[in-house]
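Okay, here we've got a single chain as structure tokens, the form predicted alone, with questions on binding and movement later.
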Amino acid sequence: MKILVCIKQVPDLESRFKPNAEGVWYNETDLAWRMNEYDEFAVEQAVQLREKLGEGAELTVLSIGPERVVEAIKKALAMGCDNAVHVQDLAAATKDPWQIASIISAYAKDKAFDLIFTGMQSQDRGSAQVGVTVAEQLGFACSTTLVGFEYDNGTITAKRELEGGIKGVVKIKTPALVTCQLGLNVPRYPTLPNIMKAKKKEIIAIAVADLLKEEPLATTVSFHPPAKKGSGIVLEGETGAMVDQLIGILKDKTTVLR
């Protein structure tokens, strides 16, 4: 069985974010980077399946981006992926979901993958479009927002998280693609021996121009933080005095009491 898991490197949420000079993405100067959290669940589930199937399975991890994404790739290899593909693209952040999906599909179309794992969405762009678009382009069955996964002889039983806490269960046949949600599993922490083993695993580099033939369907027009609002007022003192202050503020600065 051939398995592919797709990952993305995203800014750590503790980073300080600000738009770049062009106003179309983040200024990357002071950002720290990590594997997208949803993709960690995808990697863990793919590795669990790889371990269950044994020597008859092969697990490849793929990531698109500049040289820094190799760090995320190495983490996936240390978690248990067999080999890796780095699609080299200095401008990956400017690609729309259609183009990113097209890159993945162009790579996967002649590789006979039985199953593809992706995260539900990325934490930076959050479109949740890439996985389902890849499935459509490849003609794969697809199930999204997985919080439960079972595989048996070519059939996937997927437990999905729906609105309002409702769970749905579907069965799909391979070849298939699934997108992974929080709560699917607990991603393993790479051990030192596995980190050392990962250094010997192959990472194939492919230029994005060799795979991408599609023009974007959506273009970022502007990228900016929310408009700053006025600061709040903190009232202190006795309750009666604060009530009088509040009423005065509401009369002077709002239309609530007019």
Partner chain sequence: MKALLIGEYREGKLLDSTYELFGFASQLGAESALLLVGSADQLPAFGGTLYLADAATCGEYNPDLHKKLVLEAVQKENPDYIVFVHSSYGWDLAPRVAASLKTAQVSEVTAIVPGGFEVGCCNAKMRRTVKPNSAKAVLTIQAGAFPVLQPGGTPQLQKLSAEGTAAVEFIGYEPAEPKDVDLARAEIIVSAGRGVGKKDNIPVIAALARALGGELGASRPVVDAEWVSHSHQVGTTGQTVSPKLYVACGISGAIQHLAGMKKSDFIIAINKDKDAPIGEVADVLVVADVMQFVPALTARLAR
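Positions refer to the first chain, counted from 1. If you're wondering where the values come from, they're calculated on a predicted model, not measured in any experiment. The term rigid core refers to the most C-alpha atoms you can superpose between the two forms while keeping them within 1.5 Å.
One more form of this protein exists, namely the form predicted together with its partner chain; it is left out here, but the text below deals with it.
At a distance threshold of 4.5 angstroms between non-hydrogen atoms, residue 171 is in contact with its partner chain in the model of the complex. Proximity of residue 120 to its partner chain in the model of the complex falls within the 4.5 Å heavy atom cutoff. Of the heavy atoms in residue 224, some are within 4.5 Å of its partner chain in the model of the complex. Its partner chain in the model of the complex is approached by residue 136, whose closest heavy atom lies within 4.5 angstroms of it. Comparing 67-75, 145-153, 82-90, 104-112 against its partner chain in the model of the complex, the single stretch with non-hydrogen atoms within 4.5 angstroms of it is 145-153. If you take 144-169 and check each residue for a heavy atom within 4.5 Å of its partner chain in the model of the complex, you get 144, 145, 147, 159, 160, 161, 162, 163, 164, 165, 166, 167, 168, 169, in sequence order.
Core-aligned CA deviation for residue 245 between the shown form and the other one: 2 Å or greater. Residue 12 shows a C-alpha shift below 2 Å between the shown form and the other one [criterion: core-superposed Cα displacement of 2 Å].
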